[in-house]
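The data below hold one chain only, encoded as structure tokens and taken in the form predicted on its own.
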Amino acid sequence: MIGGYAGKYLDVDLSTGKVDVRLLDKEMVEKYVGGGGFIAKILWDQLPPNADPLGWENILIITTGPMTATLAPTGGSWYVGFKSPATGIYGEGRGGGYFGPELKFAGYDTVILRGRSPEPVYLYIEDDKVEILPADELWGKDFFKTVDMLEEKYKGVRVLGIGPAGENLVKFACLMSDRYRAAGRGGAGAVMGSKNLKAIAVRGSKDINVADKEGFIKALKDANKTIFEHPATAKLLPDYGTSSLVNGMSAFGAFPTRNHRSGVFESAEKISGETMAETILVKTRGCYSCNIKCTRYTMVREGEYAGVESEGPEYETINAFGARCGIDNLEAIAMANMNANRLGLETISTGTLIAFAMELYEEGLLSKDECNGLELNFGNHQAMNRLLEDIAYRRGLGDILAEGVKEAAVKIGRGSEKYAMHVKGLELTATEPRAAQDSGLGHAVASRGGDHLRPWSPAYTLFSFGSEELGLGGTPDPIVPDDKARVVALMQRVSTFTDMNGMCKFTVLCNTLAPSQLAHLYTTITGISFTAEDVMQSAARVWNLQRALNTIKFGITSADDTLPHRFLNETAPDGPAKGKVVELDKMKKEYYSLEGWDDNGVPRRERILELGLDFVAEELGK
């Protein structure tokens, strides 16, 4: 088998209880690499376009990449793919920790889950032993308790699973692993819950080989040297984690505040990474084969939330439960973070829903009675934590919010749609797009909806972390639309490739590792000769396949590549972007041209053929 791969995958039909072990296809590896590449191809080939995301026809794909379970920097990633119940389009998430490597040590690159079990079950994998077992004792338990019970039964096991939010089909419920690690966006937890699958427990004892050990050691040394010399991965992330961004983003006017009314939070310092280090930080951690160690393990030692302990909160969570809700109580944010992990709620969407409800309450569009008796003013951290649990258990207003902000706005009505911060049904993330025009474009065209990670281009446009190899230099102006389409397209390629190869995006998020270094690692691990140009081309192939899924099979058009009313019609009230709106149309037109898409956002036939996606070209003519 090609180096870096286990060489097999599991095909599990939960309806019948049948488990098949299949060999990984060589062409699949060579053209789609792994991770999001595998997901896009499997969904294209096997998912009925009209499948109900919460119905038995949807497919849940757990997969890895060739660098997962190797010594490649941050080689601990695993991925989940599905049709999203939040958006109705392409869904994908990434998790870190140790579950992905353990799956490969058991001998499998991928697990495909089909159908729906008639009763709650969990999947147990131990090397060649694969069993579907009753989960009656686990169902109804939170994720922490689920892990405790499975770890007690199977020593050394790694657990992926859902909490009550997934069981209750909250449309943005996430998958959790290693107790605190989440594959968050798009509702994979709801899909798993709809299949009556509570958890996957895995342990393995096999090896993952690399093709060229001597060459890999050289590539590894080169990559690690770059990581240890780059200010983001050598200093900011190890010292303060992702929360190192809080003060800087607010200074740029890019820190969403009070449901994106503003990008400047007057109390940013109180919820920053620096304050976390001085107050609730216990120690730092890293995922498998991680030399960055951005994870914070925290504990609240005194006050109203004393006793709360968990990994995090991360930057996105701090914004979602903090500034976006007008809350400057770091201990309350830690509480919300812990409960979201315990209940299996994705923090970005949950915080966005709560901020949405708070703005509706303050605008007089929701009454106190309609808010489960809560006074949902911005800044009320007790109400925020109470509403979080109501969402997980679908109680009262929580039941409406559990549908996601797009659908919740439709159900509430009263003009609430203009306060709903989402793209294609996926709630927006912690970058104010009026302060970073490229972020607005990136959110609008992303394959899974309101996505900040493909790419997080503000690393360049706000913080000036450039790349000589990508032609990104100098000090760009983030509040003008010029050249932003090129920036987004280039950085999208590198982000997409890391979501194929099994590495964490923190190796590329700030343009740390260059495409040539990723190619060198990939070549020495797999034995497949790869250049920097191959990295960009293979990523373009997968990106355009995801786009083809959304446009050809799921019906997305250019009209869906848009942003909430606030960003296009209301000028930023403060900060460096004061007086600005997002100039989306200009950037989108340039982006479509660069990608080879037509005016409706559909990849052109010649572009599809150029990327070797002939089977997609056949569908274009129908």
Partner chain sequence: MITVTVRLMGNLIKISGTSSIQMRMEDGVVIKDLLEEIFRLYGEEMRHQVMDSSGKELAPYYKILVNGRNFNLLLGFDTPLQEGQVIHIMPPIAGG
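Worth saying up front: this structure is predicted, and the values here are computed from it rather than measured. Numbering follows the first chain given and starts at 1.
As for the form predicted in complex with its partner chain, it is not shown, yet the points below apply to it.
- This chain is drawn without its partner chain; in the predicted complex, the residue among E362, E269, E375, D127 with a heavy atom within 4.5 Å of it is E269.
- Though its partner chain is absent from this view, in the predicted complex it lies within 4.5 Å of a heavy atom of just one residue from N329, T295, N247, T551, which is N247.
- Although the partner is absent from this view, G184 stays clear of its partner chain in the predicted complex, with no non-hydrogen atom inside 4.5 angstroms.
- Contact annotation for H452: at least one heavy atom lies within 4.5 Å of its partner chain in the predicted complex.
- Within 4.5 Å of any heavy atom of its partner chain in the predicted complex lies no heavy atom of V202.
- Taking the partner from the other structure, its partner chain in the predicted complex has a heavy atom within 4.5 Å of a heavy atom of D477.
- Contact with its partner chain in the predicted complex, defined as a heavy atom within 4.5 Å, is made by none of E167, I354 and G396.
- Across the options 190-198, 496-504, 236-244, 354-362, residues that bring heavy atoms within 4.5 Å of its partner chain in the predicted complex belong to 236-244.
- Residues are counted as partner-facing when one of their heavy atoms sits within 4.5 Å of its partner chain in the predicted complex; in 95-131 not one qualifies.
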